[in-house]
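Below you will find one chain, with nothing else, as structure tokens; this is the form predicted on its own, and questions on how it binds or moves follow later.
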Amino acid sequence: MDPLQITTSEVDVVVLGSGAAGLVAALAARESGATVALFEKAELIGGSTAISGGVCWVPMNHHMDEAGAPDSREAALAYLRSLSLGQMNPALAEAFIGGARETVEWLESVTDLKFTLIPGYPDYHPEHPGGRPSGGRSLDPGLFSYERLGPWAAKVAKSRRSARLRITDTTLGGGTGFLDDETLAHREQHDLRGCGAALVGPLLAALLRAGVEPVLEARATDLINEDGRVCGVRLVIGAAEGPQHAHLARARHGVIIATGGFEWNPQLVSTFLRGPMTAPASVPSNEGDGLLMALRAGAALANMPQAWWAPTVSVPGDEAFGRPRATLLNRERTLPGSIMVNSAGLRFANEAANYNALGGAFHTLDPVEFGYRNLPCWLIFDGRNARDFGSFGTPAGTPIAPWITRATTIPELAGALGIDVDGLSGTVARWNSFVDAGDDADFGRGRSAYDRWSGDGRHRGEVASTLGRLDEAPFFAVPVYSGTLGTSGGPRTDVDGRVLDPVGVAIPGLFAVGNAAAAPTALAYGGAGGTLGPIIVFGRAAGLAAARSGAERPAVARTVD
């Protein structure tokens, strides 16, 4: 790169990152009258949001009122407190609950988003104080026609498995995970996209109407700090394999970091995360760029050992931005006729639990062997399960993918995998006895309303939705990894997304939102969309605060621990 080739620009607010956090922040700032520049490191827009389920967990939303099932501030706060293990900042939790309803109403007024309730979808811990077994807090963005985006439609990241699905078409939302030919053809004809793409599309469309065009392949390298205030950012623009140039983007009011987490940076992962994380399910551009810039600017950190944990599998062909990525293990582990075991052949958790909670089971340390007791790990399922439900992209009634290990007996399967034969045989026999008794005496699988939601839709709400014998040959196994949707630690922020220094004072002109900031709910993951709900609320708060944060008015944190 020619060091003399430098371009410059100046706006009120610079936003780094084009996932939901960056898009909402940029839109809020622009709607407030600020001029905005939006930069995205990758060659496609949308970050991990675009390949996610797109659901937003939003307590007290007005759609609950319309359905005759209103929420309350007290219940929502009690629920989050019950999941936080004392790690959550009460002021941030209150700001989230206080801004949730207003954010949804605002998004529906300034974009083409029209959220709907996911009927009956329970919170992830519905039996906890304030939890909702009958749901209402998880909102589906529906479908969005990318025909409205013109040439920008091709510049949004796309999930191979869920691009045309609404969340209600997936097993998580009550569907089968597959579309009939007529429905699929209609959606392809009109470029109707669901899940995360249905959240990103309307946000991008609103920004384009407002005159904000994202700049792609623009990697931020350093913040510009003058007289103690962040007033811009240095970027390198252009594809890595093509011509590049340096760009200096000055920001009169502030810079908003929304660059995602650090899960694709091995050094940061080994330095900060509490346990092994080998298979992220996010986009590979999440390398911690925002975290490193914030550290150099003097940011304090919080929640750094944590991530939005998830068991994952490696499905051939699943990619993001041209690189292999892990696939969430959501559906298959909850179905009857399946269990998860470690190398001793033993179950170690409720397989139907929500992914964030289940991910923590991979961090159990064996103090004698001094290794992680539940890694490696496998999902085991039988022929009936495979025939009735399909697996990892193969529909029911079709052959299971050839990359999946199979055997005619349980001992043969154990031998092929290197699993303790007696351990696995005994575990399968014990599991089948629990199924016959109608109760999992070891880990309580099927007792929670959430467990009974995600399995066999023919028995939704019943224990049979997830408890089923594992006894019909052939038998199958898939390796399971310790993965994440994204890290959840980063710079500490106040209720407006202002980045705080180690003594709790806001760093003038610097904001962080989404997985680039410490999660405002800390350990708490309330339900489907438990990351995106807080992201849209605090994304809007940061955009509004940045728009009104001029150089003549030093930023002061509204809350400090």
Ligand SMILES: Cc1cc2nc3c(=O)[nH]c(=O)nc-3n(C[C@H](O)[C@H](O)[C@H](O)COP(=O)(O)OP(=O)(O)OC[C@H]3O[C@@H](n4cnc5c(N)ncnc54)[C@H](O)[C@@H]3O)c2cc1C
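Keep in mind it's a predicted model, so treat the numbers as computed, not measured. Residue numbers run from 1 along the displayed sequence.
One more form of this protein exists, namely the form predicted in complex with the ligand; it is left out here, but the text below deals with it.
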item: Answer option from 334, 482, 285, 374, heavy atom within 4.5 Å of the ligand in the predicted bound form; value: 285
item: Heavy atom within 4.5 Å of the ligand in the predicted bound form - residue from 497, 526, 53, 509; value: 53
item: Interface membership of residue 520, the ligand in the predicted bound form, 4.5 Å heavy atom rule; value: no
item: The ligand contact in the predicted bound form: residue 17, any heavy atom under 4.5 Å; value: yes
item: Residue 491, heavy atom within 4.5 angstroms of the ligand in the predicted bound form; value: no
item: is_contact(residue 59, the ligand) in the predicted bound form, heavy atom dist at most 4.5 Å; value: no
item: Segment that reaches the ligand in the predicted bound form - one of 526-534, 28-36, 497-505, 63-71, heavy atoms within 4.5 Å; value: 526-534
item: Contacts with the ligand in the predicted bound form, stretch 207-223 (heavy atom within 4.5 Å); value: 218, 219, 220
